[in-house]
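The data below hold one chain only, encoded as C-alpha cells and taken in the form predicted on its own.
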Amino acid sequence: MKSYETILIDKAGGVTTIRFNRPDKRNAMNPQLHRDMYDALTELEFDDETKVLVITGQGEAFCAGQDLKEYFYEKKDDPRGREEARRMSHAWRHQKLRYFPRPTIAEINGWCFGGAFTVVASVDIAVAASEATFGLSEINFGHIPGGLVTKVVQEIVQPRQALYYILTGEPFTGARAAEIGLVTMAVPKAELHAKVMDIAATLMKKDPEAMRACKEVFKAVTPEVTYEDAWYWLSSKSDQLTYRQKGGWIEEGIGRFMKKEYRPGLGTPPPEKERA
C-alpha cells in the first residue's frame, strides 16, 4: 500500500485501519486529505486483504471537520480549486465510504466536529469513546452545517436533539452521542480499540457476500421507498445473493440448520473446514 501525506494505513489480520494524520490540526480535513482518502478507498475497494475497514484519528482527535483555513478561507477567491475540493470531499465520504463493499467501523477516539459527522454517518458501525467531544459549531461563525451534514444528522439523530445542537452549537460527549442515535455505542476510551477489534472479529466470521448484500439493501430501502417497491427490490437482491453464493445460504446456511449443526438465532455456523 502506498504512503499518503495526510493519512496512515495499516493492515492486520483482515482489518485495514485508516488514520487521519493531521494531529496538530485535530485531523481537520483539508483538500489534500480529501484527495488522499478518495485514492485510498478506491484502492481498498478491491483489496482482498481488507475484510473490515476501520477509520480513526491519530492523536487525541478523530476529526475536527473541514479545515476552516485551507478548505474554506484560502479557496474563497479560487472557484476552480473550491469546486474541486467540494467534489472530492463529497465523493469519498458519501459515494466511496457509504457504499464501501465491506463492513466499515468508525473508532471515534476524540474530537468529532462538523463535516466529520458525515464520516460517522457513512460508516456501518460507529463506536465512540464516552469522553470524546462532538459538536456542530457552524452556528458559532454564522453558518449552517453544510455539505450533507444537516441531511445525515436529520436522518440518524433524534429530531429534537438534532435541531438543538445545530441551533446552539453546544458540544456534547460520546456518551450523549450514543443516547441521541449519532453513534452505535459509546465505551470508555481505555476500552475503545479493544471493542472495535472485537466487533471486527465478529464481522469477519460472517459470509462476506451476505454482509455486502445486507449493507446494500439497508442503504437502498430508505423511508422514501414504498413497501411495494421495497418488496420487489429485496426479492431481486435475494436472488442476486443466491447467484453470487451459488446457493450457499440455502445449501450451507439452512441446510446445516436442517442437519442440526447450528441454530441461526444463536450463532454463526462454523467454517466448512471445521465441520470435518
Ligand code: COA
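It should be emphasised that the depicted structure is a prediction, and the values quoted were computed from it without experimental measurement. In case it trips you up, residue 1 is the first one in the sequence shown, and so on.
The same protein also has a form predicted together with the named molecule, omitted here; what follows describes it.
For this session: Check, residue by residue, if T16, L53 and F100 all come within 4.5 Å of the named molecule in the predicted complex, counting heavy atoms only.
Result: Looking in the predicted complex, the three residues T16, L53 and F100 all stay beyond 4.5 Å of the named molecule (heavy atoms).
Problem set entry | Segment assignment from 151 to 159, 130 to 138, 180 to 188, 202 to 210: heavy atom within 4.5 Å of the named molecule in the predicted complex | In short, 130 to 138.
Problem set entry | 4.5 angstroms heavy atom contact with the named molecule in the predicted complex for D67 | Yes, D67 is a contact residue.
For this session: With heavy atoms only and a cut-off of 4.5 Å, decide whether R26 touches the named molecule in the predicted complex.
Result: Output for R26 is yes: heavy atoms within 4.5 Å of the named molecule.
Exercise. Would D39 count as a contact of the named molecule in the predicted complex, using a 4.5 angstroms cut-off between non-hydrogen atoms?
Worked result: Close contact is absent here: in the predicted complex, D39 is far from the named molecule, nothing within 4.5 Å, heavy atoms only.
Exercise. Contact between W92 and the named molecule in the predicted complex at 4.5 Å, heavy atoms?
Worked result: Taking the distances in the predicted complex, the answer for W92 is no, it never comes within 4.5 Å of the named molecule.
Exercise. Which residues from 102 to 137 come close to the named molecule in the predicted complex, meaning a heavy atom within 4.5 Å?
Worked result: If the 4.5 Å heavy-atom criterion is applied to the named molecule in the predicted complex, 102 to 137 yields W111, F113, G114, G115, S137.
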